[in-house]
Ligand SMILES: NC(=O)c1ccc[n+]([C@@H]2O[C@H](COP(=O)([O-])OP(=O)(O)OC[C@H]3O[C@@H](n4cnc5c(N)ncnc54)[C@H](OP(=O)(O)O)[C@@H]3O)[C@@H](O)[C@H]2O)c1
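This document starts with one chain, in the form predicted alone, laid out as structure tokens.
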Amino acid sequence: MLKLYKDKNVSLKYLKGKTISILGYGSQGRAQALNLRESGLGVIIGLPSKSKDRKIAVKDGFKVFSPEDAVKKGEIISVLAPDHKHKELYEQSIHKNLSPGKTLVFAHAYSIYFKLIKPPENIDVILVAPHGPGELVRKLFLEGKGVTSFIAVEKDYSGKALDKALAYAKGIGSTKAGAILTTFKDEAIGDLFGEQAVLCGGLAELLRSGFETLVESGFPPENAYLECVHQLDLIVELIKKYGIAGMFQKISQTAEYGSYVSGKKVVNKNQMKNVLSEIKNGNFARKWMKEYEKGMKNYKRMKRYWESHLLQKTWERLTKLLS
């Protein structure tokens, strides 16, 4: 059964008086650091001396240290650097500065589950994974709301690891919406699959393919964009509010019937299963780390492709016209 924790079930006392060291100050790092501080907890930031984010963190009123010193000073170490940099960060800055009883916090189970890093047995290792980007985590916190999070415990040296995970989730605002208990395995695999096959990779390819199909058949790019992309937020809002069946009830019957007879034709579930297998057996993690270690040439090439695609250029033109 789903185990859901809300504000009333959780106490911040397990983190009160402790120093939380945030390693990384990107979208998620900044949002969590600000939320934790405004929840009354002690936060410092750990960043390399050449990081451009140092100025932002200082401007936000935080004390900024090297990653090594932040690990030494902190009792709770929140690793919010990009996933593919965790191994390097751990080996260079974290491992040698960990002492018994400290706690490592991750926002994604990736580097622990796929064994990019192997923490010692004498610390706690926990997961607090918000279901949204840093901007949303911060925005909803300021509105008195929150983004749901998955929480999990990988190592419980202190016997209080779950309490710390819940307190951290409360500190960033998640228990206002709900903190959901899971495992490192389920979060690591599920998160990668959801991103790749559905929410980001699958969705982007679906939008691109629909756009290109119309353009290649003679439609103006602007028409293709408005028909295949522009209304997406309206459909997502209907699904979130009413569920998929409820969304079908809210659209026209022509659109509803067409969805029933055509939707399955453009989705290949067997390929989705292949994606899941690649994630489960570790092939994706190995490929991604190899890509990073070799300079990310393929990654940069694919990034340039999307940035220069007619779909992106059409979005730029229409955004100016419609704003």
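In this text, residue numbers run from 1 along the sequence as written. Model, not experiment: these values are computed from the prediction.
The same protein also exists as the form predicted in complex with the named molecule; that form is not shown, yet it is the one meant from here on.
Using a 4.5 angstroms heavy atom cutoff to the named molecule in the predicted bound form, none of I112, G171 and T175 count as contacting. Here is the short version: of A167, A107, V125, I76, the single residue with a heavy atom within 4.5 Å of the named molecule in the predicted bound form is A107.
For the options A152, L80, A179, A188, the residue carrying a heavy atom within 4.5 angstroms of the named molecule in the predicted bound form is L80. The closest heavy atom approach of S39 to the named molecule in the predicted bound form falls outside 4.5 Å.
For K145, no non-hydrogen atom is located within 4.5 Å of the named molecule in the predicted bound form, even though that partner is not displayed. Taking the partner from the other structure, the named molecule in the predicted bound form has no heavy atom within 4.5 Å of any heavy atom of L15. Residue contact with the named molecule in the predicted bound form: P119 places no heavy atom within 4.5 Å of it. Listed stretches are 298-306, 21-29, 311-319, 5-13; the contact stretch with the named molecule in the predicted bound form is 21-29, by a heavy atom cutoff of 4.5 Å.
Of all the residues from 29-60, those having a non-hydrogen atom no more than 4.5 Å from the named molecule in the predicted bound form are G29, G46, L47, P48, S51, K52, D53.
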